[in-house]
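Let's start with one chain on its own, the form predicted alone, as structure tokens.
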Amino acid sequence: MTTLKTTITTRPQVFAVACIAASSLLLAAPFAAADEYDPSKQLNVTIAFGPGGGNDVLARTLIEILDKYDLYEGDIVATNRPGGSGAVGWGYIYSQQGNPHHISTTSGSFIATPLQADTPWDTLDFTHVALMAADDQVLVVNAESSINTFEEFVEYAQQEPLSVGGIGSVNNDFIVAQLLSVEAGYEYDYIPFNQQGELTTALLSNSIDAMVATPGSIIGLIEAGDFRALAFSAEQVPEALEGVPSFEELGVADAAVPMPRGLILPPNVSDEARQWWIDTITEVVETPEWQEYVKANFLTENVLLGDDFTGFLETSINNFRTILTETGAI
């Protein structure tokens, strides 16, 4: 088997999200579905955010496992399509209606973006394959900051709003940052980024005061002493973050919103293709490489397949809508 290690990153879009996503519908001709799924055809993996973030790491881990265990016969091409808090990438997947040879990974923006932006697609429009894991968040500052604890962070923010960065304008990073401010009683300015590298650089250069991120994307910088972790969203703090208080310990447990890491196909994909991917993901999550990915990125494994994943998304949509409404985001 020959697997292409091709990576493409599209330039960030500068048009309105709704216009971009709508125009993407013109890119693809209708796909004629076959009864049998053909894994010998090229697989196109769309990553709705830039390189280095959680979506990117998940997609590339999945590709490596598919390749190593010969779970997919054809070539695989991964393309980063960042922009609009995931609207550009998932808008492209939406435009591939019925085509089972396009897949994408998900995050909190997959749920939140269509609630906040005028996208032509909805979370429930897609073909849902599997929820594979949940990702938690950590609040960090530059190690050179005079802020050493979450309590000090709150004190500073109550005196003057601090700038907090995150991936996406309405991703889990934003929701967690917003809920923290509500729970702890302070104001702040949220600064969205499309790529983890840009966000990390902003904090390293002190262009922002703090950021909310998944621990797997910045643990190296925490361990190297470049970033200082102030709080971790999950109840059980991983060994690598020993000494960092959990949201529950800080009395802000309601600000913890895990990020769903899952896999989707375009709308109207055949049941046969969906079941092929469900069966394949069942094999993927049993591999030692997947278990190492979960451990190394401090994820909580939570596998829900097919309709169970759809049910999870339906519940999450209602929860996100309530949170975004109560915090004034929509």
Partner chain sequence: MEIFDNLLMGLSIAITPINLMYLLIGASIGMMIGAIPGFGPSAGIAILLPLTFSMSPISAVMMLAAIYYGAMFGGTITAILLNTPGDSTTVASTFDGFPLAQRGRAGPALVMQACASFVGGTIGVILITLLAPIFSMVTRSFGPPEFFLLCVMGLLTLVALMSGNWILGLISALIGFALGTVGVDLETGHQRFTFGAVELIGGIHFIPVAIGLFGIGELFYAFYNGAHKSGSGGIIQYQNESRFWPTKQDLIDCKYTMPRNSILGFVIGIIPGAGATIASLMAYSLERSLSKNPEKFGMGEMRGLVAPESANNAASSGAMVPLLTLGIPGSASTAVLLAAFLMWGLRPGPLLMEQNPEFAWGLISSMYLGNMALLVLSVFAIPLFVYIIKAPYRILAPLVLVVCTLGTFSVNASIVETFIMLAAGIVGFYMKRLGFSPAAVVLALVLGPMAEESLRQTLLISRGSFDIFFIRQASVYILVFFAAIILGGAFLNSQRRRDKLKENTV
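Bear in mind the structure is a predicted one, so any value in this text is a computation, not a measurement. Residue numbers count along the first chain shown, from 1. C-alpha atoms forming the largest set that superposes within 1.5 Å between two forms make up the rigid core.
The next section is about a form of this same protein that is not shown, the form predicted in complex with its partner chain.
Looking at Gly251, you'd find every heavy atom of it more than 4.5 angstroms from its partner chain in the predicted bound form. Within this chain, Ala87 lines the site of its partner chain in the predicted bound form, having a heavy atom no more than 4.5 Å away. Among residues of the shown chain, Ile323 is not one whose heavy atoms approach its partner chain to within 4.5 Å in the predicted bound form.
Interface residue remark: Pro39 is not counted as part of the site for its partner chain in the predicted bound form, having no heavy atom within 4.5 Å. When you look in the predicted bound form, the only residue of Tyr190, Tyr72, Phe150, Tyr156 with a non-hydrogen atom within 4.5 Å of its partner chain is Tyr190. In short, of 253 to 261, 215 to 223, 130 to 138, 178 to 186 it is 215 to 223 that has heavy atoms within 4.5 Å of its partner chain in the predicted bound form.
Here the marked residues Val170, Leu204 and Ala329 all reach its partner chain in the predicted bound form, each with a heavy atom within 4.5 angstroms.
Counting a residue when any of its non-hydrogen atoms is within 4.5 Å of its partner chain in the predicted bound form, the one hit in 228 to 263 is Ala240. Fitting the two forms on the rigid core leaves the C-alpha of Thr106 displaced by under 2 angstroms between this form and the one not shown. With the core held fixed, the Cα of Tyr72 is displaced between this form and the one not shown by less than 2 Å. Put simply, Asn194 and Pro267 spread apart in the predicted bound form: their C-alpha atoms are 3 Å or more farther than in the form shown. Cα of Val164 to Cα of Asn319: at least 3 Å shorter in the predicted bound form than in the shown structure.
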